[in-house]
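Take a look at this one chain, the form predicted alone, written out in structure tokens.
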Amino acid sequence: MRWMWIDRVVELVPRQRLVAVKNVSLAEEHLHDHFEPVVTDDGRIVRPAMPIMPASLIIEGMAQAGGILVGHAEEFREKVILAKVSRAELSREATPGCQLRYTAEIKSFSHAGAGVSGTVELAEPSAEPETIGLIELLFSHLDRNMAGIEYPEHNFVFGEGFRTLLRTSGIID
């Protein structure tokens, strides 16, 4: 995978829970296309327009955290893919200088895949972390697909980018 939407895994309880963080940086190219001011109900501008991380990328960050948790459960032998976003509620944007904290928990697990429940917290430099999102995801073990399609033997889902992230986070050697 070319785009990584998490920077580090900070906690892993095998087959149960994974916590990862993403530091939102102004150096990220995608931020420069997304601007939205914060306005109160009475029309007062609380914060002028500034770059924001798109909600779809926040959800993808949770999917990557959940996918690593599900993949780790079978020692990365399975090709784990996101099959469905069952729920995605986000209440705030993430802006440069913030840190996102993804907490993924396995709710169900079988030979075919897994269900993951996720919480997204936002930490701004001068404030306490705030829960800004609840996300429910379903993952499939690709090689166990019902269509009988054959995929390459190598695990292209957990490629070199993910291996680097897992090594620097102390998850694998």
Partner chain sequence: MQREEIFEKVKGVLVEALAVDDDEVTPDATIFNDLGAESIDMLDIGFQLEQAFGFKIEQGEMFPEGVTSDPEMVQDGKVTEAGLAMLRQRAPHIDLAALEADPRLEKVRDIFTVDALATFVENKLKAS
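Owing to the predicted nature of the structure, the values given are computational and were not obtained by experimental measurement. Positions refer to the first chain, counted from 1.
Another form, the form predicted together with the partner chain, is not on view; read the next lines as being about it.
- Contact with the partner chain in the predicted bound form, defined as a heavy atom within 4.5 Å, is made by all three of Ala83, Arg87 and Leu138.
- For the chain shown alone, Thr40 is not a contact residue for the partner chain in the predicted bound form, no non-hydrogen atom being within 4.5 angstroms.
- At a distance threshold of 4.5 angstroms between non-hydrogen atoms, Ala112 is in contact with the partner chain in the predicted bound form.
- Although the partner is absent from this view, Arg44 stays clear of the partner chain in the predicted bound form, with no non-hydrogen atom inside 4.5 angstroms.
- When the partner chain is considered in the predicted bound form, Lys107 lines it closely, a heavy atom lying within 4.5 Å.
- Proximity to the partner chain in the predicted bound form, taken as heavy atoms within 4.5 Å, picks out 112-120 from the listed stretches 125-133, 112-120, 22-30, 58-66.
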